[in-house]
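Before any questions on binding or motion, here is one chain by itself as structure tokens, the form predicted on its own.
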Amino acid sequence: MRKFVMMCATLLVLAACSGSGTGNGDGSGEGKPITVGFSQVGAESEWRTANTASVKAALAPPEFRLKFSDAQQKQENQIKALRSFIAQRVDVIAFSPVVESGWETVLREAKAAGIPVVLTDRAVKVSDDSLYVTFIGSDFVEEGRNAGRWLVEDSQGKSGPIRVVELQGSVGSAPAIDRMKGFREIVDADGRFRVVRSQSGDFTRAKGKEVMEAFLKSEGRNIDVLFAHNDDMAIGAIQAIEEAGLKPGQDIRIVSIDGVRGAFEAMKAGKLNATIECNPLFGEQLAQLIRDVAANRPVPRRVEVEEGVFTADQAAAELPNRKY
């Protein structure tokens, strides 16, 4: 009888162990929170603030247990955070990489630990694509193309050379590389446009203003167009243009990327001509991807968010609808 009782107790323990896991929907560990380690680039812009809020709202208790880390735009901070998530044995790692390269080692560590990785907003360059499961975000090359297309259309009837200055994003980051590539693809094919200055403004207003001041000193009034890789840099540049005694949106036409509320306010005021949307509000889509990944369900290799192009004449009507 004693042996029988002990055998039953052993079987119950084994059954409990076999039922453990993260799955909410695959039948195992029903109701157990999915622990997610999320490393964000930083808080460098309105876009990033909105993206963080969207992710935190979607990965909320009781379904999720979120471990959040702000990398403050430094890759070494992000790698440290990923290693901390691995040590804590989270169920899924999600992160928006500061730059494209330099992730191979830490992602191999995550794979060896059996922890799936989801990329958000920005891509990475690795020799083995199996080091991450999926990517969710925007097509940065197409955003650059859309900026170029807007400029070509807005320049109808204008003869060349049309002199363009470019405020790049953070050096080595996917959006900076891809937005430049897409923009140049379109304007170079036109033949009228000449990019006379191109420098990183690090995606911040302060740096955008500083670099635009340098552009104005070197080029004087010989700048026709500013292309900024994000709205925050464009808004900083607008201040520099005004301080130089010029009218942004008129003396210098401006197109930027993100579609934040501040850009719509600038367009409404006639200081920004166009913004290309880069939607940060994909928290719910990310949450569903993480549910599927945690439950070992198949997911697409790439999930893109829907985006649009907005011009100054649409700003007043669209501004009340902006959620970020």
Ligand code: GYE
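When you see a residue number, it is the position in the sequence shown, counting from 1. Note that this is a predicted model, so its numbers are computed, not measured.
Heads up, the form predicted together with ligand GYE isn't pictured, but that's what we're talking about next.
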Would you mind picking the one in Phe95, Phe183, Phe203, Phe85 that has a heavy atom within 4.5 Å of ligand GYE in the predicted complex? Phe203
Of these, Arg253, Lys209, Arg145, Arg122, which has a heavy atom no more than 4.5 Å from ligand GYE in the predicted complex? Arg122
Ligand GYE contact at Trp47 in the predicted complex, heavy atom, 4.5 Å: yes
Any of the heavy atoms of Ala294 lying within 4.5 Å of ligand GYE in the predicted complex? no
Flag Ala266 as yes or no: does it have a non-hydrogen atom within 4.5 angstroms of any non-hydrogen atom of ligand GYE in the predicted complex? no
So, Pro175 and ligand GYE: in the predicted complex, are they within 4.5 Å at any heavy atom pair? yes
Which of these stretches, 37-45, 63-71, 267-275, 285-293, has heavy atoms within 4.5 Å of ligand GYE in the predicted complex? 37-45
Residues of 77-102 having any heavy atom within 4.5 Å of ligand GYE in the predicted complex, listed in sequence order: none
